[in-house]
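Below you'll find only one chain, the form predicted alone, shown as structure tokens.
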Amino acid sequence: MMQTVRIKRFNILDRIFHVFLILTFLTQTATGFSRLFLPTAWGKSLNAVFGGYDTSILIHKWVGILMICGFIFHTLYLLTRIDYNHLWVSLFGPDSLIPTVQDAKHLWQRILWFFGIGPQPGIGRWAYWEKFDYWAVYWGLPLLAITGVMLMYPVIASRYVPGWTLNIAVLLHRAEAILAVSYIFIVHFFVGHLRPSSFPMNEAMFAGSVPVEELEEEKPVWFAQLKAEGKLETEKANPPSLLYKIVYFIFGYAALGFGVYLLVNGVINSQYITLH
């Protein structure tokens, strides 16, 4: 039986960052919701899972600090990936995650294709929705971090900003958290795992590689780039072992199921959100 050729897509550090974000984001969502929905039976049960209200909030604070540290570390890692001798190509070339005018064109072409009046866009290494997913963290997490630290240390914060800004911080923190949860658990989960071309799971981030046939079909521009540069051979990767596949399928769908569980119960109990 011929083994499918796979092409490397993510390195081990990329995948560690992804798992770190999954675990911390789910923890923050659950502990945050435990306070947000405290008046409800569901909110009380969430608190009980984490050892009570005080423990739940303590976990929320410390995991928040852990996320900030991870964010800083990831940013420093990004700075080491820049080719400063070829800065423009490194920042805006075909291998960059920075959005360009080409991404806007691809979005428009996708809309036309959706209505049957144009061809699909030729996607390169990073699709426009992947770039949006990535950079959403860069405007969402700093907002959550700044407002979260203000609420963790209100007395110290009040020395530097008016007291009324803490009320604004509460609203911003909750609004951004709810927006992030809604986007991740609806849009990102669907695009990553449930759309026809990805179902039952987009394994790229867990396996670190993709079958060459899938690469050619979904990212034809990147495939052509690798072929033109003679990198199809050098970028070959070993397939994941059966045991590893079982582990990441269980982990991935456990995370997806838990996220949907939080989202659905959040919607059901949204009328009982506390402002305290």
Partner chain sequence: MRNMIGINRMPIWIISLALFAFFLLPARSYGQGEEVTSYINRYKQNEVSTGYYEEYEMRPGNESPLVKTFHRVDRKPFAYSSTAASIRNRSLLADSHRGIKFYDNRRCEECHINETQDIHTTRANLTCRQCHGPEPIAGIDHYYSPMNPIRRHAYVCAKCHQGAGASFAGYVIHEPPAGSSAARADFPALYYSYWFMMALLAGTLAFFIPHTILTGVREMFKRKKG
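Numbering follows the first chain given and starts at 1. Just so it is clear, the structure is predicted and the values come from calculations on it, not from any experiment.
Although not depicted, the form predicted together with its partner chain is the subject of the following passage.
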> Of A237, V247, I68, L38, which one comes within 4.5 Å of its partner chain in the predicted bound form, counting heavy atoms only?
Replying inline: L38
> Out of V149, V137, I168, I98, which one falls within 4.5 Å of its partner chain in the predicted bound form, going by heavy atoms?
Replying inline: I168
>> Since only the chain is shown here, I'm wondering whether Y53 would be in contact with its partner chain in the predicted bound form (any heavy atom pair within 4.5 Å).
In response: yes
>> Would you classify K105 as touching its partner chain in the predicted bound form, given a 4.5 Å non-hydrogen atom cut-off?
In response: no
>> Please tell me whether any heavy atom belonging to P154 falls inside 4.5 Å of a heavy atom of its partner chain, as the geometry stands in the predicted bound form.
In response: yes
> Does its partner chain get within 4.5 angstroms of any non-hydrogen atom of A145 in the predicted bound form?
Replying inline: no
> Is it true that W88, E203 and A255 each have at least one non-hydrogen atom within 4.5 Å of its partner chain in the predicted bound form?
Replying inline: no
> What are the residues of 82-110, in order along the chain, with a heavy atom within 4.5 Å of its partner chain in the predicted bound form?
Replying inline: I82, D83, Y84, L107, R110
